[in-house]
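Shown here is one chain on its own, the form predicted on its own, set out as structure tokens.
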Amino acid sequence: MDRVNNLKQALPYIRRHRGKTFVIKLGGRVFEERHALLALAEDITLLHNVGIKVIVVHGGGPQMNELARKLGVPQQVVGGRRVTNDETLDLAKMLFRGKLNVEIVSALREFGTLAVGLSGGDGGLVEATRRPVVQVQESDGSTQEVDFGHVGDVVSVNPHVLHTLTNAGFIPVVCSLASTLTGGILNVNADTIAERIAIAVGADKLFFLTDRSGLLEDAADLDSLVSYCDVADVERMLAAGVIAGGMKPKINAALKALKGGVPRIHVISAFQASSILLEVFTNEGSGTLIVNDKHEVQP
């Protein structure tokens, strides 16, 4: 009977979200635990089967570090961003568009869902330009000029291929590579690609799946989860240094997505059982919901 009641409670959410588009960004950590990837694939399949159009975006930072170590390719990270020389770009092509993209597609296939792997170069999806030499501030306050190499800044997103695939019943799986107008390939931050794609397709929700349960008021206290907040709250947390490390680029991307018209951003755990389903189909949720103004939108 409890299961029946749970299904009944989910029905209004299913009605609300049917036909809407969700963009789900996976971090590289989830590839380290096969059972977690399969659990996410099963949950994404359920979203797909109740009529929600799902687009998956992924990175692969930890896997890049490990592959570079095995092959003896030195890596340089400045200000939290990877410098992408010729050798590192080759690794990114092999890893992002190859191994990791295929792993997600195959995990979805295991649950009967048809997915299509893409890079930003496929169908002219994501156009970028090579990042110019920039001044980067170090933790000690000093600055240095940095050429990030084959790292791109997104110029535009053409969502036609995504609409074509989702309307035909496929789940697009997009890796964090973009193309230039002249056919070059650039490495782009996956959070940025997810944000720009969510804006371009008019997504109703953008999810960032992380190794944390969501935003925490105190990074050292796992029980200090912020379940519901808005831009003003997030800016306060950024100014106070509460949001730092790998969470910071995700939250900056979230703020840009909100500004670009995506109404709801969700920061949830990639490792909590059925975190996506709890976040979508229950009022309590499982992580952090971020909106423009919490006084204008009900949770």
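Because the structure is predicted, anything quoted here is derived from the model rather than measured. Numbering starts at 1 and follows the sequence shown.
This next part talks about the form predicted in complex with a further copy of the same chain, which is not shown.
Trainee: Pick from 114 to 122, 213 to 221, 193 to 201, 140 to 148: which stretch has non-hydrogen atoms within 4.5 Å of a further copy of the same chain in the predicted bound form?
Mentor: So the stretch in question is 114 to 122.
Trainee: Could you tell me if all three of Glu33, Gln76 and Val136 have a heavy atom no more than 4.5 Å from a further copy of the same chain in the predicted bound form?
Mentor: Not a single residue of the candidate spot has a heavy atom within 4.5 Å of a further copy of the same chain in the predicted bound form.
Trainee: Only one of Leu238, Val231, Leu67, Leu37 comes within 4.5 Å of a further copy of the same chain in the predicted bound form by heavy atoms, so just point that one out.
Mentor: Result of the distance check: Leu67.
Trainee: Scan Ile185, Val83, Val154, Val226 and let me know which has any heavy atom within 4.5 Å of a further copy of the same chain in the predicted bound form.
Mentor: Going through each option in turn, the one that passes is Ile185.
Trainee: Whether Ala273 contacts a further copy of the same chain in the predicted bound form should be assessed with a 4.5 Å heavy atom distance threshold; does it?
Mentor: Contact check for Ala273: yes, within 4.5 Å of a further copy of the same chain in the predicted bound form.
Trainee: So in the predicted bound form, does Thr129 come within 4.5 Å of a further copy of the same chain, heavy atom to heavy atom?
Mentor: Residue-level check for Thr129: no, no contact with a further copy of the same chain.
Trainee: Would Arg15 count as touching a further copy of the same chain in the predicted bound form under a 4.5 Å heavy atom rule?
Mentor: Arg15: yes, in contact with a further copy of the same chain in the predicted bound form.
Trainee: Answer yes if any heavy atom of Lys250 is within 4.5 Å of a heavy atom of a further copy of the same chain in the predicted bound form; otherwise answer no.
Mentor: Taking the distances in the predicted bound form, the answer for Lys250 is no, it never comes within 4.5 Å of a further copy of the same chain.
Trainee: Across 50 to 68, which residues bring a heavy atom to within 4.5 Å of a further copy of the same chain in the predicted bound form?
Mentor: In sequence order, Val50, Gly51, Leu67 come within 4.5 Å of the partner.
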